[in-house]
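Only one chain is shown below, in structure tokens, and it's the form predicted alone.
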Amino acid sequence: MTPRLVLVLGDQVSVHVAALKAADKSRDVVVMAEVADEAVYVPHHPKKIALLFAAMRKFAARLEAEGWRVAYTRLDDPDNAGSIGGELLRRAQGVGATEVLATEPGEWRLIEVLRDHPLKVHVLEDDRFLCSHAEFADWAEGRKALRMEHFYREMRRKSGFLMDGNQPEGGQWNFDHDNRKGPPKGLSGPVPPRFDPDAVTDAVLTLVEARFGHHFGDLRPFRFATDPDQAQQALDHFIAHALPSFGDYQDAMVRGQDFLFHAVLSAYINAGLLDPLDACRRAEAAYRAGDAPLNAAEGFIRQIIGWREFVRGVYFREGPGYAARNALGHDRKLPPVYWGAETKMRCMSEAIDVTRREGYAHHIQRLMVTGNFALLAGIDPHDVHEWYLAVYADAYEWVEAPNTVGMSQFADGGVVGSKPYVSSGNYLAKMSDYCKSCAYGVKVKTGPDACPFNLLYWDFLTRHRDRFARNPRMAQIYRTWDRMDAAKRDTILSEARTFLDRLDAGDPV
């Protein structure tokens, strides 16, 4: 029989992807390719590129050992076509194939490449998720608003995680109110495992250094797991050492503590090195064995079967134009501080520094520091979207766009959230120790020492009053503003404008 090509992308390094399950080992040829197009459509963090290339090379070797024919293209192969579509054509000509089996990509741009490809491409839905596209569409049908909490309850019922018969374990679905503790003095967490590069990874690091060393981010030292065994070790470490305190301090930020009690598993889950439902099973087992409290296990499971599944559903339901939305009309260019320029803002420098070093920052650093600042400053959400997509090792558009365009920037107009996630410096002072060593005063409301978040917070609310003043969750905030002395209001807005002018000029802020 004529062979078919079986496309396996860099975030599909799992034997459980749909295309491999549908393929015939005796007939078909697996195609995997390191291509320039995928590395540079945004300037991906060198650590992310290295993680994927190393994981791909190891996965290809595993498939070959299991009897698959694998056509693997390295980035520096002289015949490399430079794109996924081009590699499919080249490999098809080599083996006489006319058809391709592909697991649905997680980005619309690649879905469109496969849809418009001259070969006949059979795109199979990625069934590594708990909720299919059809199930999400059925759930969303007729709802005035899509809210993760309601969706999450359906996923709890479907999966059975932390259920007591038909009721949630502990008598409530969500323990988020227990998961917002600020950091006590001296709080520190366990350091996640770091994996010394083997020969395969070393070769990839040399290649990435030569080709993409100019991208934002430090390639070395390289810590990531690059195969399922290593990723499993990272999961084991989290369950044993970090999960017990994960719930309490999942929103906390501490200088010198890049990870605290976070799992740091999303890059492995999103690439296919870890099974997300297995991670949930492990967390539930730890709770039932008395090794982790309920609020920790529930919070972790909610991030996976609640939020992760929800944003995927939103991304595919909203369609290929979702990432370009700009409901608030923000148009300021992304300022140099996001690429490591000097700043006196301790919170921004901390969040961007760990991003540069690790290709990672935890969700509150992303949402309430870099995301909050971008939203308050009126930065173009597409610039923000592309920055997050570029700099984080776990970022693929299906998960990143709803988190950025939707939750962080409110650019989708309320599809993901009922109100914008904005705050003044008070939130940062409560949830971090950053403000104690900042050049700005978090309690200073005006003047040269005023925390920029304090100034920009009111400026944002004033600019968008027509949209948000009637939002029941924000009405009290506007009443507080209206009760302020008029001269104080004028000073705040004038100083906010001065700060934004400096930002536009590229001056250090």
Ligand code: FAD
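In this text the structure is predicted, and so the values were computed from the model without any measurement. Residue positions are given as counts along the sequence shown, with the first one as 1.
What follows is about the form predicted in complex with the ligand, which we do not show.
Original post:
Looking at the ligand in the model of the complex, is some heavy atom of each of Ser188, His241 and Ala292 within 4.5 Å of it?
Top reply: No.
Subject >> The unique member of His382, Arg223, His237, Arg308 whose heavy atoms fall within 4.5 Å of the ligand in the model of the complex >> reply: Only one listed residue qualifies here, and that residue is Arg308.
Subject >> The unique member of His330, Arg156, Arg366, Arg325 whose heavy atoms fall within 4.5 Å of the ligand in the model of the complex >> reply: Looking at His330, Arg156, Arg366, Arg325 one by one, just Arg366 meets the 4.5 Å heavy-atom criterion.
Original post:
Which one of these stretches, 262-270, 158-166, 94-102, 178-186, sits within 4.5 Å of the ligand in the model of the complex when only heavy atoms are counted?
Top reply: Only one stretch qualifies here: 262-270.
Original post:
Looking at the partner-bound form in the model of the complex, is Glu87 within 4.5 Å of the ligand by any heavy atom?
Top reply: Result no; Glu87 lies far from the ligand in the model of the complex.
Original post:
Using heavy atoms and a 4.5 Å limit, would one call Tyr287 a contact residue for the ligand in the model of the complex?
Top reply: Looking in the model of the complex, residue contacts with the ligand do not include Tyr287, since no heavy atom lies within 4.5 Å.
Original post:
Would Tyr388 show up as a contact with the ligand in the model of the complex if we use heavy atoms at 4.5 Å?
Top reply: Contact with the ligand, yes.
Original post:
Does Ala395 reach the ligand in the model of the complex, with heavy atoms at most 4.5 Å apart?
Top reply: It does: once the ligand is placed as it appears in the model of the complex, Ala395 has a heavy atom within 4.5 Å of it.
**OP:** Just give me the residues of 379-416, first to last, that have a heavy atom within 4.5 Å of the ligand in the model of the complex.
**Re:** Heavy-atom contacts to the ligand in the model of the complex: Tyr388, Asp394, Ala395, Tyr396, Val399, Glu400, Asn403, Thr404, Met407, Ser408.
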